[in-house]
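Form predicted on its own, single chain, as structure tokens, below.
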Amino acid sequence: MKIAIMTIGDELTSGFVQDANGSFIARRIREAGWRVTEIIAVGDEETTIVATLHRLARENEAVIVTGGLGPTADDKTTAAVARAAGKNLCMDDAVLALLKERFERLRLRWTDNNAKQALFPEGSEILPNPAGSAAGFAVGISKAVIVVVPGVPREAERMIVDGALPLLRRAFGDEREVVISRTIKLFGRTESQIDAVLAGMTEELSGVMVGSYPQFPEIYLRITAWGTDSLAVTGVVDGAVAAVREKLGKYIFGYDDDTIAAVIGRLLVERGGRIAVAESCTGGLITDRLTDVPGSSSYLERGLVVYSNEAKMQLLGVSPETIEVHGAVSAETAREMAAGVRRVAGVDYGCATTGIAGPSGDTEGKPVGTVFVAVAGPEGSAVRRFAFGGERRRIKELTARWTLESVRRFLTGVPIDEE
């Protein structure tokens, strides 16, 4: 079954509000075994809404619409849907009574324009809204089922799961495909570099759809296959994932819901190891990422922001001679920082960053964006120099992410400077 998604509101087309509903609904539809043909946003202009509904109803079996169900003058969705369906608007007394009861319960002042939320196209099936005041509804246009829910994300999400999807299952029965997807998460290669590798894998990736989704500074590959046999579809997806792993394995840090911080946490737990962090130019970003993971206190001992030279010497034991001879931003200082935080924290692993985030502070041979990352452990230590471009925040974000990647590689025995 082909389904289109239509989100309505001037706030969407003007760019003031980002459309969160379209992506949520699309994921749910995919999971249900149906296909999304398009996601379109239109403003609060009734003629445009009607014209768009007519087109989508001709091209799809169902259209899910969000937004424009409130009591104000710019909420025109219900009237537009009724016009597109060629139906009159009718007051639903049961919904009106529920609205008034809700206002009374919440001690809100009732105004007559709120009754607008109890108007529906004649013959509509009402979809209750347990999270808000505006009920949704479903009505037919041509041969398509049009399902309309509010635009407030928390309301829309609840009503899609509890109302819209069950309604579509009743309408179309078991006319669904098995849809299997996996997400491969990569870091250390650009989207164009990954695309060049995938271009040479036509045979290995046959029978699947591969989508590339940059999530700065990471790249996600979404592998999806459809069919009627669950085992067969799973096998196709697994084969495609294995093919990508063979070509890009060293850059794959996780799958599906993995984050780099959670992956590092699992690796440390498996080894019974603990880690400490010393940050200069990142100012605590690395520790912040690691502590996003529940239970990280079992393996993260401490994080130190050692911004000044004095802090590096006093808290980590970095040699004054090292800083004097090589500078605070140097491979030698980074290596001593990682070893120092490991020693003072009494842990198995230490990592450290030092660099020039800009826009000033560059020196001869060390321009803005020069960063050193070091990792130390029982097996020794490793350090890598980077030359990042861009503004200050971008440099800090890249430094934090590359430090976490360096820890992952160090824990898995991969040289941290391997390309």
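In this text, all values refer to a predicted model and were calculated from it rather than measured experimentally. Basically, rigid core = biggest C-alpha set you can superpose within 1.5 Å across the two forms. Note that residue numbering follows the sequence shown and begins at 1.
Missing here is the form predicted together with another copy of the chain; even so, the following discussion is about that form.
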{"property": "Contact assignment for another copy of the chain in the predicted bound form, among S230, T111, N88, S206, heavy atom within 4.5 Å", "result": "T111"}
{"property": "Listed residue that, although another copy of the chain is not shown, lies within 4.5 Å of it in the predicted bound form (heavy atoms), from P294, P320, G200, G249", "result": "P294"}
{"property": "Contact flag, E301 vs another copy of the chain in the predicted bound form, heavy atom cut 4.5 Å", "result": "yes"}
{"property": "Another copy of the chain contact in the predicted bound form: N129, any heavy atom under 4.5 Å", "result": "no"}
{"property": "Contact flag, K396 vs another copy of the chain in the predicted bound form, heavy atom cut 4.5 Å", "result": "yes"}
{"property": "Contact test in the predicted bound form: Y307 vs another copy of the chain, heavy atoms, 4.5 Å", "result": "yes"}
{"property": "Candidate stretches 373 to 381, 348 to 356, 41 to 49, 60 to 68 - the one whose heavy atoms come within 4.5 Å of another copy of the chain in the predicted bound form", "result": "41 to 49"}
{"property": "Stretch 2 to 33 - residues with a heavy atom within 4.5 Å of another copy of the chain in the predicted bound form", "result": "D10, E11, L12, T13, S14, G15, F16, V17, Q18, D19, A20, S23, A26, R27, R30"}
{"property": "Large Cα move at E332 between this form and the one not shown, threshold 2 Å, rigid core", "result": "no"}
{"property": "Cα displacement of T72 between this form and the one not shown reaching 2 Å, rigid core superposed", "result": "yes"}
{"property": "Rigid-core frame, C-alpha of A382, shift of 2 angstroms or more between this form and the one not shown", "result": "no"}
{"property": "Cα distance between E38 and V237, which in the predicted bound form differs by 3 Å or more from this form, closer or farther", "result": "farther"}
{"property": "Cα-Cα trend for E38 and T234, given that in the predicted bound form the distance shifts by 3 Å or more", "result": "farther"}
